[in-house]
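First, one chain by itself in C-alpha coordinates, the form predicted on its own.
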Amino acid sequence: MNAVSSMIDTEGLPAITAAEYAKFCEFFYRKTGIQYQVNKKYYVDRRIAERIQQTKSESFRDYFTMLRFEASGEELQVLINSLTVNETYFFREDYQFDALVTGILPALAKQKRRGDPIRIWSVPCSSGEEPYSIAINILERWDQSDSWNIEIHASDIDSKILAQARAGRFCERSVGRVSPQLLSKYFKPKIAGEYQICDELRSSIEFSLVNVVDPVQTRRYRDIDIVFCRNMLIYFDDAGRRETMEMFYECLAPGGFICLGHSESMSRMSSTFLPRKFKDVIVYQKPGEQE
(Lines give C-alpha, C1' and ligand atoms only; values in the text may rest on other atoms or scores of the structure.)
Protein backbone atom coordinates (compact mmCIF):
# COMPACT_ATOMS: atom_id res chain seq x y z
CA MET A 1 0.00 0.00 0.00
CA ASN A 2 1.26 3.54 -0.80
CA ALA A 3 2.07 5.06 2.58
CA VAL A 4 1.22 8.58 1.45
CA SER A 5 -2.08 7.49 -0.11
CA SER A 6 -3.18 5.81 3.09
CA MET A 7 -2.77 8.91 5.24
CA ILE A 8 -5.90 10.17 6.99
CA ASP A 9 -6.90 13.83 7.00
CA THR A 10 -8.19 15.74 10.00
CA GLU A 11 -11.79 14.68 9.28
CA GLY A 12 -10.96 10.99 9.11
CA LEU A 13 -11.00 10.70 5.32
CA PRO A 14 -8.16 9.24 3.22
CA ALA A 15 -5.80 11.98 1.99
CA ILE A 16 -5.20 12.35 -1.76
CA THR A 17 -1.76 13.47 -2.94
CA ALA A 18 -1.22 16.10 -5.63
CA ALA A 19 0.04 13.42 -8.03
CA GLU A 20 -3.02 11.24 -7.40
CA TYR A 21 -5.32 14.23 -7.87
CA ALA A 22 -3.68 15.04 -11.22
CA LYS A 23 -3.97 11.42 -12.33
CA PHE A 24 -7.66 11.32 -11.41
CA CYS A 25 -8.43 14.66 -13.12
CA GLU A 26 -6.84 13.47 -16.37
CA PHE A 27 -8.93 10.28 -16.26
CA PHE A 28 -12.16 12.13 -15.41
CA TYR A 29 -11.53 14.64 -18.20
CA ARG A 30 -11.16 11.84 -20.78
CA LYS A 31 -14.36 10.21 -19.59
CA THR A 32 -16.58 13.30 -19.24
CA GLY A 33 -14.91 16.33 -20.79
CA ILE A 34 -15.10 18.06 -17.39
CA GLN A 35 -11.85 19.67 -16.29
CA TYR A 36 -10.99 20.30 -12.64
CA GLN A 37 -8.20 22.72 -11.78
CA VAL A 38 -5.97 22.80 -8.68
CA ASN A 39 -8.35 25.24 -6.97
CA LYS A 40 -11.04 22.51 -6.96
CA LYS A 41 -8.79 19.97 -5.24
CA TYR A 42 -10.51 20.13 -1.85
CA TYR A 43 -13.96 19.68 -3.40
CA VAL A 44 -12.87 16.73 -5.56
CA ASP A 45 -10.67 15.16 -2.87
CA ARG A 46 -13.52 14.89 -0.39
CA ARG A 47 -15.77 13.09 -2.84
CA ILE A 48 -13.06 10.67 -3.91
CA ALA A 49 -12.13 10.02 -0.27
CA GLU A 50 -15.77 9.34 0.60
CA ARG A 51 -15.98 6.81 -2.23
CA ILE A 52 -12.74 5.15 -1.10
CA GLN A 53 -14.30 4.65 2.32
CA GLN A 54 -17.69 3.53 1.05
CA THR A 55 -16.21 1.01 -1.39
CA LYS A 56 -13.84 -0.24 1.35
CA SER A 57 -10.85 0.31 -0.90
CA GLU A 58 -7.50 0.18 0.90
CA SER A 59 -6.01 3.21 -0.84
CA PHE A 60 -6.47 5.65 -3.70
CA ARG A 61 -4.47 3.28 -5.89
CA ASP A 62 -6.86 0.39 -5.18
CA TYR A 63 -9.90 2.58 -5.73
CA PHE A 64 -8.55 4.11 -8.93
CA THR A 65 -7.73 0.68 -10.34
CA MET A 66 -11.28 -0.47 -9.65
CA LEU A 67 -12.70 2.74 -11.13
CA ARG A 68 -10.74 2.34 -14.37
CA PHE A 69 -11.38 -1.35 -14.97
CA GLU A 70 -14.85 -2.03 -13.53
CA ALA A 71 -16.74 -3.51 -16.47
CA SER A 72 -20.17 -2.24 -15.45
CA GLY A 73 -19.07 1.38 -14.99
CA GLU A 74 -21.32 1.63 -11.92
CA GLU A 75 -18.73 3.25 -9.67
CA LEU A 76 -17.81 5.81 -12.31
CA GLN A 77 -21.49 6.76 -12.57
CA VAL A 78 -21.74 7.11 -8.77
CA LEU A 79 -18.70 9.37 -8.77
CA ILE A 80 -20.04 11.42 -11.69
CA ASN A 81 -23.28 11.91 -9.75
CA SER A 82 -21.27 13.08 -6.75
CA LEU A 83 -19.04 15.50 -8.67
CA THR A 84 -21.45 17.20 -11.08
CA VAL A 85 -23.05 20.50 -10.12
CA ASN A 86 -26.83 20.87 -10.43
CA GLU A 87 -27.89 24.45 -9.78
CA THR A 88 -31.06 25.51 -11.57
CA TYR A 89 -34.61 26.79 -11.18
CA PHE A 90 -37.69 27.44 -13.32
CA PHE A 91 -37.46 30.21 -15.94
CA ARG A 92 -33.73 30.75 -15.40
CA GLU A 93 -32.27 33.18 -17.98
CA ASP A 94 -35.82 33.68 -19.21
CA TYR A 95 -34.78 36.13 -21.92
CA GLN A 96 -33.87 33.06 -23.99
CA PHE A 97 -37.35 31.63 -23.51
CA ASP A 98 -38.64 34.97 -24.83
CA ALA A 99 -36.40 34.53 -27.89
CA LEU A 100 -37.65 30.95 -28.25
CA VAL A 101 -41.34 31.84 -28.53
CA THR A 102 -41.06 35.22 -30.29
CA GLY A 103 -38.20 34.50 -32.69
CA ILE A 104 -36.73 31.00 -32.93
CA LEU A 105 -39.93 28.97 -33.19
CA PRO A 106 -41.59 31.34 -35.71
CA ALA A 107 -38.39 31.23 -37.81
CA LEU A 108 -38.42 27.44 -37.77
CA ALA A 109 -42.12 27.32 -38.61
CA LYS A 110 -41.45 29.34 -41.78
CA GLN A 111 -38.81 26.92 -43.03
CA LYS A 112 -40.64 23.69 -42.12
CA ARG A 113 -43.61 21.93 -43.61
CA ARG A 114 -46.74 21.31 -41.59
CA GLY A 115 -46.50 17.87 -40.03
CA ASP A 116 -42.73 18.05 -39.58
CA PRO A 117 -41.66 17.62 -35.97
CA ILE A 118 -39.85 20.39 -34.10
CA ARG A 119 -37.20 18.74 -31.94
CA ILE A 120 -35.71 20.48 -28.89
CA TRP A 121 -32.83 19.10 -26.81
CA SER A 122 -32.06 20.36 -23.29
CA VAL A 123 -28.53 19.34 -22.25
CA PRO A 124 -27.64 19.14 -19.43
CA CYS A 125 -31.18 19.15 -18.08
CA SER A 126 -30.23 18.73 -14.40
CA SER A 127 -33.34 18.16 -12.26
CA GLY A 128 -35.69 19.11 -15.09
CA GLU A 129 -36.49 22.77 -14.55
CA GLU A 130 -35.17 23.81 -17.97
CA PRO A 131 -37.09 21.35 -20.18
CA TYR A 132 -40.28 21.87 -18.15
CA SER A 133 -39.79 25.65 -18.48
CA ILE A 134 -39.41 25.22 -22.24
CA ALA A 135 -42.66 23.25 -22.41
CA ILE A 136 -44.62 25.75 -20.30
CA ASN A 137 -43.38 28.73 -22.31
CA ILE A 138 -44.34 27.07 -25.58
CA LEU A 139 -47.79 26.09 -24.34
CA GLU A 140 -48.50 29.49 -22.82
CA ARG A 141 -46.87 31.87 -25.25
CA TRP A 142 -46.59 30.42 -28.76
CA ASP A 143 -49.88 30.69 -30.58
CA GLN A 144 -48.90 27.97 -33.08
CA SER A 145 -48.03 25.34 -30.47
CA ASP A 146 -51.13 23.25 -31.23
CA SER A 147 -50.27 23.14 -34.94
CA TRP A 148 -46.89 21.42 -34.57
CA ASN A 149 -45.60 18.13 -33.24
CA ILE A 150 -43.06 19.38 -30.69
CA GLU A 151 -40.63 16.88 -29.18
CA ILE A 152 -38.63 17.84 -26.09
CA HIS A 153 -35.63 15.65 -25.29
CA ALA A 154 -33.68 16.18 -22.08
CA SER A 155 -30.41 14.56 -21.02
CA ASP A 156 -27.80 14.68 -18.29
CA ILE A 157 -24.68 12.76 -17.29
CA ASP A 158 -25.95 12.41 -13.70
CA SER A 159 -28.29 9.42 -13.30
CA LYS A 160 -29.45 10.49 -9.83
CA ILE A 161 -30.50 13.96 -10.95
CA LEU A 162 -32.30 12.44 -13.95
CA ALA A 163 -34.45 10.38 -11.59
CA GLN A 164 -35.44 13.62 -9.87
CA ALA A 165 -36.24 15.21 -13.23
CA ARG A 166 -38.48 12.31 -14.22
CA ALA A 167 -40.28 12.49 -10.86
CA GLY A 168 -40.88 16.20 -11.40
CA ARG A 169 -40.91 17.23 -7.73
CA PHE A 170 -39.57 20.67 -6.83
CA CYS A 171 -38.93 22.72 -3.72
CA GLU A 172 -40.18 26.24 -3.00
CA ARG A 173 -36.95 27.86 -4.18
CA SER A 174 -37.04 26.03 -7.51
CA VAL A 175 -40.50 27.38 -8.39
CA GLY A 176 -39.91 30.84 -6.95
CA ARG A 177 -40.31 32.55 -10.35
CA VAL A 178 -43.44 30.61 -11.34
CA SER A 179 -46.61 32.68 -11.03
CA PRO A 180 -49.51 31.42 -8.85
CA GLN A 181 -51.57 31.00 -12.03
CA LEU A 182 -48.99 28.73 -13.67
CA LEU A 183 -48.43 26.84 -10.42
CA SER A 184 -52.11 25.98 -10.22
CA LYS A 185 -52.26 25.09 -13.92
CA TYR A 186 -49.14 22.93 -14.32
CA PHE A 187 -48.40 21.64 -10.82
CA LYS A 188 -50.23 19.43 -8.39
CA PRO A 189 -51.16 20.88 -4.97
CA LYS A 190 -48.17 21.28 -2.66
CA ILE A 191 -47.45 18.18 -0.57
CA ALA A 192 -44.77 17.91 2.14
CA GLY A 193 -43.13 21.12 0.96
CA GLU A 194 -42.85 20.03 -2.67
CA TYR A 195 -44.62 20.89 -5.90
CA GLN A 196 -45.04 18.15 -8.51
CA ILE A 197 -45.34 18.92 -12.20
CA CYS A 198 -48.55 17.61 -13.78
CA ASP A 199 -48.51 14.14 -15.34
CA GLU A 200 -49.17 15.48 -18.85
CA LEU A 201 -45.95 17.49 -18.85
CA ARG A 202 -43.92 14.75 -17.17
CA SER A 203 -44.91 12.22 -19.80
CA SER A 204 -44.30 14.61 -22.69
CA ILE A 205 -40.54 14.94 -22.12
CA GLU A 206 -38.04 12.17 -22.86
CA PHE A 207 -35.25 12.04 -20.26
CA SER A 208 -32.06 10.12 -21.10
CA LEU A 209 -28.65 9.48 -19.58
CA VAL A 210 -26.13 10.98 -22.02
CA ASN A 211 -22.42 11.76 -21.79
CA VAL A 212 -21.78 14.37 -24.48
CA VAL A 213 -18.19 13.20 -25.06
CA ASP A 214 -19.40 9.69 -25.92
CA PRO A 215 -20.21 9.56 -29.67
CA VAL A 216 -22.19 6.35 -29.24
CA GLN A 217 -24.59 8.07 -26.84
CA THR A 218 -24.98 11.27 -28.87
CA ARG A 219 -25.38 9.54 -32.23
CA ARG A 220 -29.10 9.04 -31.72
CA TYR A 221 -29.63 12.81 -31.58
CA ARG A 222 -30.05 13.89 -35.18
CA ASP A 223 -32.19 16.52 -36.95
CA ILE A 224 -32.50 18.51 -33.72
CA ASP A 225 -33.95 21.98 -34.33
CA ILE A 226 -33.02 23.71 -31.07
CA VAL A 227 -30.35 22.90 -28.50
CA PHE A 228 -30.37 24.50 -25.07
CA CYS A 229 -26.85 23.99 -23.72
CA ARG A 230 -26.43 26.54 -20.98
CA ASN A 231 -23.62 26.70 -18.42
CA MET A 232 -22.18 23.26 -19.17
CA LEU A 233 -19.23 24.31 -21.30
CA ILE A 234 -17.74 26.50 -18.56
CA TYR A 235 -16.51 23.22 -17.05
CA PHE A 236 -14.73 22.17 -20.28
CA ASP A 237 -11.37 23.29 -21.64
CA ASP A 238 -11.01 24.89 -25.08
CA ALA A 239 -10.44 21.58 -26.83
CA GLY A 240 -13.47 20.04 -25.15
CA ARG A 241 -15.65 23.00 -26.10
CA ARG A 242 -14.63 22.79 -29.73
CA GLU A 243 -15.29 19.04 -29.86
CA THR A 244 -18.69 19.52 -28.22
CA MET A 245 -19.61 22.16 -30.79
CA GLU A 246 -18.64 19.78 -33.58
CA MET A 247 -20.94 17.19 -32.01
CA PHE A 248 -23.84 19.69 -31.80
CA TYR A 249 -23.24 20.70 -35.41
CA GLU A 250 -23.74 17.07 -36.46
CA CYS A 251 -26.85 16.74 -34.27
CA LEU A 252 -28.58 19.88 -35.51
CA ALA A 253 -30.76 20.00 -38.60
CA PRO A 254 -29.82 22.61 -41.25
CA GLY A 255 -31.02 25.95 -39.94
CA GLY A 256 -31.16 24.65 -36.37
CA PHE A 257 -30.36 26.86 -33.38
CA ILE A 258 -28.23 26.58 -30.25
CA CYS A 259 -28.67 28.65 -27.08
CA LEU A 260 -25.65 29.05 -24.78
CA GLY A 261 -25.34 30.38 -21.24
CA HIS A 262 -24.86 34.11 -20.71
CA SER A 263 -21.14 33.70 -19.89
CA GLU A 264 -20.39 31.43 -22.86
CA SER A 265 -19.30 32.73 -26.26
CA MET A 266 -19.31 30.83 -29.53
CA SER A 267 -16.39 32.84 -30.91
CA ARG A 268 -13.74 30.73 -29.15
CA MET A 269 -15.49 27.43 -29.83
CA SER A 270 -16.61 27.34 -33.45
CA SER A 271 -16.77 29.47 -36.58
CA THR A 272 -19.35 27.26 -38.28
CA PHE A 273 -22.41 28.75 -36.53
CA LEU A 274 -23.99 32.04 -37.56
CA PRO A 275 -24.98 34.52 -34.83
CA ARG A 276 -28.67 35.43 -34.91
CA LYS A 277 -30.23 38.22 -32.89
CA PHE A 278 -33.82 38.15 -31.70
CA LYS A 279 -34.47 41.47 -29.97
CA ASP A 280 -31.49 41.70 -27.59
CA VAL A 281 -30.77 37.95 -27.44
CA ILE A 282 -27.92 36.36 -29.38
CA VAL A 283 -28.30 32.69 -30.36
CA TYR A 284 -26.42 30.68 -32.95
CA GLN A 285 -27.66 28.97 -36.10
CA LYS A 286 -26.32 26.13 -38.19
CA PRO A 287 -26.16 27.27 -41.83
CA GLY A 288 -29.16 26.21 -43.82
CA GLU A 289 -32.48 27.67 -44.82
CA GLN A 290 -33.00 31.17 -43.53
CA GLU A 291 -36.15 33.11 -42.91
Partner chain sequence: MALVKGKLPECDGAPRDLSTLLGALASPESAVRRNAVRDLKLYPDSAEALCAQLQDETSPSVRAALFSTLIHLQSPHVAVRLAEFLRSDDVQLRNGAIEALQEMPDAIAPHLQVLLGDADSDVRIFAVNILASLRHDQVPEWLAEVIRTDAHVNVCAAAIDGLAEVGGPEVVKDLEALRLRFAGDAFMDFAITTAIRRIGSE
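These numbers come from a predicted model, not from an experiment. Numbering follows the first chain given and starts at 1.
Keep in mind that the form predicted together with the partner chain is not shown, yet the notes after this line are about it.
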Within 4.5 Å, heavy atoms only: does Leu108 come near the partner chain in the predicted complex? no
Determine whether any heavy atom of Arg68 comes within 4.5 Å of a heavy atom of the partner chain in the predicted complex, and answer yes or no. no
Is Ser82 close enough to the partner chain in the predicted complex to count, meaning some heavy atom within 4.5 Å? no
Can you tell me whether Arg219 touches the partner chain? I mean in the predicted complex, with a 4.5 angstroms heavy atom cut-off. yes
As a check of understanding, the residue in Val78, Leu201, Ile161, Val101 with any heavy atom within 4.5 Å of the partner chain in the predicted complex should be identified as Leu201
May I ask you to choose, among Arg169, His153, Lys112, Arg92, the residue with a heavy atom within 4.5 Å of the partner chain in the predicted complex? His153
In the predicted complex, which of 187-195, 93-101, 172-180, 134-142 comes within 4.5 Å of the partner chain (heavy atoms)? 134-142
Indicate whether the candidate residues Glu206, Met247 and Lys286 are all in contact with the partner chain in the predicted complex, with contact defined as any heavy atom within 4.5 Å. yes
